[in-house]
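Below are two forms of the same protein chain, given as structure tokens: structure 1, then structure 2.
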Structure 1
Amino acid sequence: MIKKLTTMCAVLLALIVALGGCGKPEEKSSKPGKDKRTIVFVFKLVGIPYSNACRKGAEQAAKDLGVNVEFTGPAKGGDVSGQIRIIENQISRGVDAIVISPNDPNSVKPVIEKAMAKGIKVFTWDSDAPDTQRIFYVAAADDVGIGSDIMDQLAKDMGGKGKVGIMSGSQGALNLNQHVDGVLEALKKYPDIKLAKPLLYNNDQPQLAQSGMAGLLQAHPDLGGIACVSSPGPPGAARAVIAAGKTGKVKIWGLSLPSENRQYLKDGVVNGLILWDPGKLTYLTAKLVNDYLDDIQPVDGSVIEDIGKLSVSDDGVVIMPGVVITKENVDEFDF
């Protein structure tokens, strides 16, 4: 009897040990997000309204796509070396994809090559680095064309004559330089509009946008308009125009968020904006990148719900539709 009891206890003990051992790997594999794909967006800088809107798009994409979508960037505008360090960190982490809005397209070339060599797929959005190994670039407008459109709108409001200034953001950003090229190209159509120098760079900082515009108004008291090709430009120019008592006398058109300019538009300080929803731009990019990692390429003419029809060129440029924002329709936009 004792022998049978001993045998039964031994069997029970073996079962308990076996069951306990089976539980360990299940606990280890249950950590949330461990096996999720990771896509990291590296912007020019963080903390300004435009990048905050982009971040929201990235966060929404993470929820909808079921992948890790992160958003980061340097803390100050024009910080080329800081942006490169962040990209290097993502390479060390071994993320699945890196999406960059370069402060300088040439400076990111070596890190893009390094990432691609390690099997990390690299893309650009918002601003391109075309002479690199990036796979495709997602833009919300033709980068030269949007500058031309801003100048055309400004020339119309100026009556085709006067002095016009140009304000950009980071001096090395390719997309901003192309916007400026578009303004200058369109300016050739208006012989009675002269360029007021110097060309202003605000490094995407609101205070520099305001102080730069104040300086331009002092240098050119007869300034008739300003074409702003980065988000802090129009509201910064508006504050300087108000302070100078020149509301309505200096026309302001540019690329900026409606939320930054809503009251300025309604008060007639800012005349109009040409833009896109940066949250949707980032969301779309995350979707296209995630699709690419699943071997699905962007297709020209495809229609994305709540975004519109895409244009895809042979050189890997994907363009989504943009909008013109004025005092009449500014309340339709919540970004």
Structure 2
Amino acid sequence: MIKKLTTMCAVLLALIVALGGCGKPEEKSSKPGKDKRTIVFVFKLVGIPYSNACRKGAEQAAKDLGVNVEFTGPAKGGDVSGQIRIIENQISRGVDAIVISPNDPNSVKPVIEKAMAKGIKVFTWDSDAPDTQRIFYVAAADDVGIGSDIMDQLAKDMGGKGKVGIMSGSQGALNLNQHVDGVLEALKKYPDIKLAKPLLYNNDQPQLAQSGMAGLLQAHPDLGGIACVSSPGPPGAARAVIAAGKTGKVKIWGLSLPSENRQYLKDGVVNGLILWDPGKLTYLTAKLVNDYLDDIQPVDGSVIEDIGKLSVSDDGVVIMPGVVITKENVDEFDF
């Protein structure tokens, strides 16, 4: 009897140790703040190509600046409380700076206050949280502006007339809703372009992007273009347009990665993308944050090598130049 119990305890112990072992991968930076400065980027969602590109920029910055730069975020999309949890976690870790791309700007307000009160410097990049204590925000364009840029390009290709659809990702995502607002806002400038309803939501699933677009093409056989504000949109719409044999008749502009659209751009199915290099954006942010910790503020009009001229406004918004990607220049981008 006792033997059996002892065996059981041994098994329990072994399992616990094994479990503890799970928590030990890459135990590289367990002492933040002591020997090396630590800057943590908290993105909206990890494990997708966009965040991956951001992470590469963060890793490059770590090498070049000689500081610890970490990159993390929730594992599922739109996870507001998961993101807060991660930020709380970094606060109790006592890192030097936290850079957030908030899933929701209001939700991070209290946690930013808390971090700043504990002497941790907080910044935002990629998506802003205005009306909080964040020190500055680094972006390639504002969320509404991206939407109107997409619509303007689309209107140009459509010759200023026809029917246009809109495809977004999830219905709850703030930045996507702002992109959609931008598209709708710009649409008002073109009286001869009509909106094709309903608005499509692909829930960040490529299959839904494709089938949604296929459905819209059936509902509006005279559709002239589609504005896609999240990354599965343009390739999904392109597949539906090819399947319907309408290449060239339906213009596609959107926000997406060049690597996902290279062939479609070259074949003329996708007309163009509005984007920036997420890696460079993150690299630049890490550099500006590191400078700030050394008491160097970002300066309006300063030119950064490989990135271009920055514009810095009074409310702490730093804008780096974005790019328009078409078939002519798509091969210059490797992300």
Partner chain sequence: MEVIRKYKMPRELPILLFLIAMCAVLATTKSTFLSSDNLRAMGTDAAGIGILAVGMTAVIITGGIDLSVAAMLALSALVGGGLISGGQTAAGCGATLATGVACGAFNGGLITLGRMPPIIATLGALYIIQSTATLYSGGQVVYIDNRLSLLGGGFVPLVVTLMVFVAGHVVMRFTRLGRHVYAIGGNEESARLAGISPARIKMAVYMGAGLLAGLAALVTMGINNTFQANDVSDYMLGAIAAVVIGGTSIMGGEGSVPGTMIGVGISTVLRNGAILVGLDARWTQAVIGAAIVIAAIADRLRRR
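C-alpha atoms forming the largest set that superposes within 1.5 Å between two forms make up the rigid core. Everything quoted here is computed from the prediction, not taken from an experiment. Each residue is numbered by where it sits in the sequence of structure 1, with counting from 1.
- As summarised for this chain, the first structure is the form predicted on its own, and the second is not.
- Relative to the superposed core, S107 undergoes a Cα shift smaller than 2 Å between structures 1 and 2.
- Comparing the forms between structures 1 and 2 on their rigid core, the Cα displacement of S127 stays under 2 Å.
- With the core held fixed between structures 1 and 2, I98 has its Cα displaced by under 2 Å.
- When the core is overlaid, the C-alpha of Q218 ends up 5.6 Å from its other position between structures 1 and 2.
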